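As a starting point, one isolated chain is supplied in structure tokens, in the form predicted on its own.
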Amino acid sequence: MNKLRNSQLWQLILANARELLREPAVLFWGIGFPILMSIGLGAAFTKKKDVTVTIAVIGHNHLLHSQQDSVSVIRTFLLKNKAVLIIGKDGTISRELNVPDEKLGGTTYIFRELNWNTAMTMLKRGNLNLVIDENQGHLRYNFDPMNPDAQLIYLKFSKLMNDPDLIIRPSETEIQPLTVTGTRYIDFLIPGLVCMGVMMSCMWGVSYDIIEKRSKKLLRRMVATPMKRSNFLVALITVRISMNFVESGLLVLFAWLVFHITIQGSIPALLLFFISGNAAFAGIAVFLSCNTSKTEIGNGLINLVSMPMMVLSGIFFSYHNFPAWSIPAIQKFPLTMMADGVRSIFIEGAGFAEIIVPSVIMLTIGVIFFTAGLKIFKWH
């Protein structure tokens, strides 16, 4: 009797184990997702022994060596330390300085000569943290005092500038806390959350809904009705996009009331771009759900598409934290294009001219995937 009971227990354990292992969603969330998160976030935030930081120098010809110019503290410092002069194809001027440190790791400083507006744009995008302005030997450090990376860069660089061996040292230094609208982290985060909400809403509200209806044999019943597949899908997408407008609008309203976030760019351009982003993800959602009737497979497909973009596309932090070789590929993700465009309208004051090209690209993505999904769509 005990042997029989033990055999029953063992068979039940095996049956439940097999059922669990056959679930793609379980394997993804339990094994694949933590590994993907560790790879993505590890690549972005693992601090190497040698780090590279970018500092903007407000352009008064401080990075070039010209005898006709007045003496520049920054230029003198860079020339003394043999910083390499780099002139880009677009005419941008920069110097690269490597400061070795055997104990704490070396630092490579990239000084880029920019005007104030360009420096603020790069600051809002997370491409730099410190802006230096020099006027007749007077150095002004501009950075967000709430940003720990900016504080660290300031402390390390200001220590170098106070080197007693320098022939010319700053006559005076000043810290200027940045109060420019759009430079806070919350200003960076909210547009990203809006875009992520659109992606997740389309993936689960359109794609999973179709798969679930197919698995429950509900779509099979619709075959007998005089209903076009295109009408069914367009109706589902229309309702979902309408809900996305409500959800995103409430999030922006909350951010405006609580964090005083404002939209600096064109609101009509934002609406057009928002529709384009919704169209792109709705088309992808239809394509993912056009053929399968198993919710487990649907879960895996949706997560396979959405999770890498959620981690890599710069929703919670700038994707420029990733290795330089990966950035061109990341910028081609639909979520990256949408997040960059919405941020440019929110915090950079962009209008139709800046978003028309990515809008067309996202609309094209949506149309292509919707057409392909419609062509191979199955009711059962």
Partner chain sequence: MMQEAVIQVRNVHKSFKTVHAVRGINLEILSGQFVALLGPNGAGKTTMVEMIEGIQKPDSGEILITGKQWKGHEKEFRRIIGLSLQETRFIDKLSVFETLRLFASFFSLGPQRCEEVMNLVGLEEKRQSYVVNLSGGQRQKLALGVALLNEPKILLLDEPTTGLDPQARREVWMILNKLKEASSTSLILTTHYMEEAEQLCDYIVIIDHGKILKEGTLKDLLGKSSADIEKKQEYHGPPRNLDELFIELTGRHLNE
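Numbering follows the first chain given and starts at 1. These numbers come from a predicted model, not from an experiment.
A second form of this protein, the form predicted in complex with the partner chain, is not displayed here; the remarks below concern that form.
| query | Which residue among 294, 217, 82, 159 has a heavy atom within 4.5 angstroms of the partner chain in the predicted complex? | reply | Exactly one listed residue reaches within 4.5 Å, namely 217.
| Contact assignment for the partner chain in the predicted complex, among 225, 176, 230, 117, heavy atom within 4.5 Å | Result of the distance check: 225.
| message | Whether residue 375 contacts the partner chain in the predicted complex should be assessed with a 4.5 Å heavy atom distance threshold; does it? | response | Answer no; every heavy atom of residue 375 is more than 4.5 Å from the partner chain in the predicted complex.
| message | Can you tell me whether residue 75 touches the partner chain? I mean in the predicted complex, with a 4.5 angstroms heavy atom cut-off. | response | No, no contact at 4.5 Å.
| query | Can any non-hydrogen atom of residue 260 be found within 4.5 angstroms of the partner chain in the predicted complex? | reply | Taking the distances in the predicted complex, the answer for residue 260 is no, it never comes within 4.5 Å of the partner chain.
| request: Answer for residue 213 alone: is it within 4.5 Å of the partner chain in the predicted complex, judged on heavy atom distances? | output: Yes - in the predicted complex, heavy atoms of residue 213 and the partner chain come within 4.5 Å of each other.
| Taking the partner as it appears in the predicted complex, which of 306-314, 130-138, 217-225, 242-250 has residues with heavy atoms within 4.5 Å of the partner chain? | Of the stretches listed, the one contacting the partner is 217-225.
| query | Which residues, if any, of 361-380 lie within 4.5 Å of the partner chain in the predicted complex when only heavy atoms count? | reply | Going through 361-380 in order - heavy atoms within 4.5 Å of the partner chain in the predicted complex - there is one hit, 380.
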